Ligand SMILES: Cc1ncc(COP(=O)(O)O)c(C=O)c1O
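Read the single chain below, which is given as structure tokens and is the form predicted on its own.
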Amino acid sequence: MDVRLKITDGEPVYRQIVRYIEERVRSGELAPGTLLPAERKLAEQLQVNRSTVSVAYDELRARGFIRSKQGSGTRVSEDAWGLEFRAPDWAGYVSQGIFQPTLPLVRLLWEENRRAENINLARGEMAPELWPVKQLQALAAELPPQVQLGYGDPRGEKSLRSTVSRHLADHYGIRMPAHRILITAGSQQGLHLVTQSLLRPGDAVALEKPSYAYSLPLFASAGVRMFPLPVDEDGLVPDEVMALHRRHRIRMVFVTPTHQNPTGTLLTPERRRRLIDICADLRIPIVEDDAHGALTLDGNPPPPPPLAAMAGADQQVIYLGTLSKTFAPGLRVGWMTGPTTVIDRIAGVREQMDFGISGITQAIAEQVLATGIWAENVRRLRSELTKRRNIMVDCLHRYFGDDLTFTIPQGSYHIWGKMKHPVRDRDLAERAIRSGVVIAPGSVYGAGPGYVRLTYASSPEADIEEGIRRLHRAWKDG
């Protein structure tokens, strides 16, 4: 089959491939049984990444246009020609759902991170050797007899909320009664619940720029308008909230004050107080995401208290925490704190969505927090992450020298850097993938050209240097 598809800008490449093949099947140009090029061969012909062709072929298979058989390759379906195509127009449906499609570049990174041959310096999660597998196995084997197996309280089991209340007081200085806590399936679900429960389409919100939240479709899916708050070496600039509010009537501010993702910055105590005061005067609620707050690396002073722990802020801050970054991402347990009326409202929405998360998972999370296992694991993680950070810092200095500038992070998983000679983000990402390493370009987080986020938590120590070497080779080849 001779593919004469000219790739254009403005539409995801995989969709252009899908449309090209679909149109030729419908017109009869591609007869039933026609052998299509292998994924790798078609990717070479079109000069695109193989994963892009894989996504296109998956879509065509799901819609019945092609079939694949081991040893026979991929062919046009025998029963596709001559039919009236009574199947729904799934392409139309998937492009019109409430949730926005995943950004093509983000989808590419997800796909490539799953390939064993690639070194992962992009995905913000712990490498498997950092997971507390033995502790989780022991906890799962000794579940309490009263574990909830039915539909529980949509706010979360009361015993877990009481445990989280003590945990927040002991480790974060946040005094929050159990009735003002709601258990979530991680911080990201917490953000989704906030946008769906408290905001309306057209509302304006302020986000740090750059911010990992720019990679999430949930804000656009809720019809919320996003406006950037600039971030410097001391974190976001609070006075910009006033300027944005004057122009756009900001309804909510989303921030990550401690080990901000992706920049790693710490919002200074003075700016924390200033942000709280400004938002109090304007009567704007703050949503504080503190996923990485406990992960201060060895040799650094403790961070300032969370916004939710500061005097007078408990009624204006919705605080999000999670076990995903400090214990195990697959456990899918987090929490949200806020005023009673807010928690009640979100619990009502939550009950309409999913009745809450598994009682078994909640029982395990309760033991993690109540027995000291969490604190012990955080100490271990800090030490392991410190070693990985130091390895990456050393490798970046040796391979890139002055061609990449960055600040050494005091905590969390990531190094945020800027190339001396910026390149187009997608070009760098694709060249890196061809070299066998996956990185997260800055545009994913709303940054300008040349920025990159490198994760030192997601790969074994031995792979970090090889990953940086591959990235340097990809950058030099450009």
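Treat the numbers as computed from the prediction; the structure is a model and nothing was measured. Start at 1 with the first residue shown and count on from there.
The same protein also exists as the form predicted together with the ligand; that form is not shown, yet it is the one meant from here on.
Trainee: So which of 339 to 347, 311 to 319, 185 to 193, 134 to 142 is the stretch with heavy atoms within 4.5 Å of the ligand in the predicted bound form?
Mentor: It is the stretch 185 to 193.
Trainee: Give me the residue from 359, 124, 154, 104 that has a heavy atom within 4.5 Å of the ligand in the predicted bound form.
Mentor: Here the answer is residue option 124.
Trainee: Identify which of 120, 326, 261, 296 has a heavy atom within 4.5 Å of the ligand in the predicted bound form; exactly one of them does.
Mentor: None of the other options qualify; the answer is 261.
Trainee: Decide whether residue 332 counts as a contact residue for the ligand in the predicted bound form under a heavy atom distance cut-off of 4.5 Å.
Mentor: Residue 332: contacts the ligand in the predicted bound form.
Trainee: Is there a non-hydrogen atom of residue 385 within 4.5 angstroms of a non-hydrogen atom of the ligand in the predicted bound form?
Mentor: Residue 385: no, not in contact with the ligand in the predicted bound form.
Trainee: Although the ligand is absent from this view, report whether residue 289 comes within 4.5 Å of it in the predicted bound form, heavy atoms only.
Mentor: Although the ligand is absent here, residue 289 would touch it in the predicted bound form, with heavy atoms inside 4.5 Å.
Trainee: Contact with the ligand in the predicted bound form for residue 254, defined as at least one heavy atom pair within 4.5 Å: yes or no?
Mentor: Contact check for residue 254: no, nothing within 4.5 Å of the ligand in the predicted bound form.
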